[in-house]
Every structure is written in structure tokens, then in C-alpha cells.
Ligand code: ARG
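Just one chain follows, in the form predicted on its own, and it is written as C-alpha cells.
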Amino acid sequence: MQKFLTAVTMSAAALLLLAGNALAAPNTQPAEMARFDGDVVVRVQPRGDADLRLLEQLSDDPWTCGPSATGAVDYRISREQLATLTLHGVPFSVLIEDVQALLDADLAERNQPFENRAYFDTYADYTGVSNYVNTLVATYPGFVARISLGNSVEGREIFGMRVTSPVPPIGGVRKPVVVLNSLQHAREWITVTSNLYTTTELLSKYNTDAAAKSILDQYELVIIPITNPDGYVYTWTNNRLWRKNRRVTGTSTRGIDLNRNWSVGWGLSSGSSGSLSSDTYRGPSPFSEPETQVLRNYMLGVPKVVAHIDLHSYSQLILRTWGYQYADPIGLASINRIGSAMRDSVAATTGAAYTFGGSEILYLASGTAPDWVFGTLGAFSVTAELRDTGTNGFVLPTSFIVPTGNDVLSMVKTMIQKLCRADFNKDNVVDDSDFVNFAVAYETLTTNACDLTGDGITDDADFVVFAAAYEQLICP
């Protein structure tokens, strides 16, 4: 136990300087790197389908995948095409004046000398992220274990971490699991650093932050920093703005949108596309891709997943289920309570303004990970669209890394603290109806329907936890 306590007393600053050695060498821009000279990003207020069809003709790169609650869509187009929008009377504003200048600045910033540079001072490539995971494993023995979920289309490892304290689980098998995955979309680099930053902060503050200690003592976090490794590597070597995976889909097309490839809501053209060239191409069937298969299989193999966040960018949104339809999920009151608290905690801790809601505040998206997690596992699950709101889009300067990481840290801590797992019918109180639910599950023992300890069954250990909550009509 002493080495565990010694490990967690290492300061965050010391860890980050140590992890600087895990950074990739400065990335030099290869000759074949895609360029976007003369391109801009516009925010358009389409007046109807005709305007949307015009945008689709002008651009193959939507930066939003459908109209938001305000009706706005963001697209990358050439500067010359602004005249076409004006000619047709399409209302628009220019968000990014020069996409290539933004990319050039990003590359120059990453290529600055790395001496005495801490890990979260810059972005790291696939190898750098893998090395950092190994650094956390070495720095926090007993708290962090590296896991391998499987391989991508091109054979790259999809790796992650199991993160929890050495305090044993109540059920003696495994603590309830919270899953945080990032980078389903390759160009959303800020999601990787935010996931790793949150993990690092919880570990480094275990002895000084009561919330961090409580979370790691009671739960196991499964961290999957790079869900789409092939796409991520491609953004470093060929096209910084690539979104999908690297599946060969046709003679001249590549890529499937992993976050349209999950089975719940899959196949709806209202929230995905059947076109091979579309950025939201859903694939030929649900879970056609190894990247989504391995995440699904891992979560199905866990005794009890209780919460999940799928990290994306950009727009500063916390999106609840359902994403594929304008319908309220069962337990909406409980979902809204937790989601609203996450939004408010970010505002209070970092000052960033996030909006919480369902598909009505963004757009329909069918075949997404959170809909599958909620619909299949019954766990609380949200999509977090991180910073910013469009000024930099997917190409956030490194100055955003720590602030955005603190956004996610606040979301994660609040989400876990607000979970009401003994409230089985999700009405925000632990009462007689929950007792009936528990009694039915307890009678069979083999089900995890009312598992509060994380061991995958409903047994005497769960009865003790539930009884404490039922006695006070509150959650454990």
C-alpha cells in the first residue's frame, strides 16, 4: 500500500514534465499534406432545402452535420464560392477567414522546440498518446492498467486504461464502470487531450481532492483516448481535417463515420447518410467497423457500466439521448437533473458556457454511441461537444488544451457525483417502486439489473447498499 500512496503524491507538474518525454518528435509537414488555400468556414442560416442542397453542391466538408436549433450550419467552402451564396441570397457569416492560415499556425505551434515542454502544452500523435498512457501506468502502479480492446481497419491497436484506486470493490469482483471515449472523429484532437487531462487530474489529486478520492475508490474509469487510430494518424500525415475511419469503401472513396455505425437508430437518413462520399456515411451495416465492434464488445463484457461520455468537438454542448429521434427517453427527469448539473458545474468552475439538451438543440444523429449505451446497457450516457463555438472549429490552439480539459474534468466529477443508481425507475427518488424493482432482481440473483456494487449480479451486497438509500429516500 505504501507504494500506492507514494505514487499518488507525485505532483501534477512533475508528472507532466516526466510525460514530456512521451511527446512525439516535432511533426514536419509532408509534401502530400492536404492544403486548403483560399478556403473559409461559413455559418449559414438556410431558408429551406434549396439552400441546403446548394451548400452540399458547393462543399464536401460540413463542419456541422445538420442544422442546429437555430437552423445554422457550418461549411468549409472556397472564398470564391461566397459570391454564389450572395447571388442566391443565402444568409451567411464567415467564421474562419483562412482555413490554411489556421492550419499553418497550428503546425508552427506544434513544431516549436520541445525542451522543458509539459505534456499538455501541445498535442501528441498516436505514438505520443500511447507513450503517455504507459507513463501513467508506470507513475501510478495499482491505480492504472493498460488495456487493449482490439485493432482498427489498418491494424493499429485501440488501447485504453482501467483507472481506479486499490480500495477493493464491495462485491469483490469489479467496481461499477464509467466509460470515457474520445476521437471517434479523427480531426477532433481536443477530445484526446481532454480525456487524458481528466484522468491525470483525478490521479494526481487523489490525496488532496475528496471528490477525486471518492470517485476512484467507488468506481472504475475506462479511458479510451483514441477510438479512431487510423483516422488520427491520417490527420497528422495527410489531411488535418479528416473525419472518418480509413475503410476502403469504393474505388475512389474511403471512410465510415464511426459515430453513425452503432446499432441503435442505425440506418436512418434523417441522421446519417448512405452515400459513400458523405462525411456521415454510416457503413453497410451496424457495427461493420472493427473500431465500433471492439468498444461494443468491451462494454458488453463489463459486469456493470453505469455512465458514459462520448467526447467530440465543437460547439460547447452536452447532448442527452435520444440523438436519432425527437422523443423523450425513459427517465428524462433523472437525465435532465444530471445533465443540467454538468452544464452548471462547468460554468461555475471554468466559466465556459455549455448548452444541455437533446437532439432539438443540435440535429438528428442516428447510430451514435450514446444512444447504444443508453438503449442497450441502460447507463446514463451523453455526447459532450467541447470547445469552441466556431472561431477555431476543429483546429484549437494549444492554449485551449488545459481550459477544455478542466471543462471535461468538471463534467465527469459532477456526472459521477450526481448518479442516482438506486433510483431504478429514474424518478429522482428512492422509494417503494424502486424497492419492487430491486426485489424482483434480487429474487433471481443472476441479473445485473439492480447491481449497485459492479459485480454483475444483484445479491446481498447490493441489498445493503440499496437499503441505506431506501432508508433515507436518497441515493447511495
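Everything quoted here is computed from the prediction, not taken from an experiment. One-based numbering along the sequence shown.
Keep in mind that the form predicted in complex with this ligand is not shown, yet the notes after this line are about it.
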Q) Which of F400, Y363, F120, F143 has a heavy atom within 4.5 Å of this ligand in the model of the complex? A) Y363
Q) If you check T191, N245, T368, T227 against this ligand in the model of the complex, which one has a heavy atom within 4.5 Å? A) T368
Q) For the chain seen here without its partner, which of 130 to 138, 339 to 347, 171 to 179, 382 to 390 has a heavy atom within 4.5 Å of this ligand in the model of the complex? A) 382 to 390
Q. Though only this chain appears here, would S359 touch this ligand in the model of the complex if you measure heavy atom gaps against 4.5 Å?
A. yes
Q.
Although the partner isn't part of this model, could you tell me whether N261 comes within 4.5 Å of this ligand in the model of the complex, counting any heavy atom of the residue?
A. no
(Q) Please determine whether H185 contacts this ligand in the model of the complex, using a 4.5 Å cut-off between heavy atoms. (A) yes
Q.
Does any part of G323 reach within 4.5 Å of this ligand in the model of the complex? Heavy atoms only, please.
A. yes
Q. Considering only 266 to 284, what residues come within 4.5 Å of this ligand in the model of the complex, judged by heavy atoms?
A. none
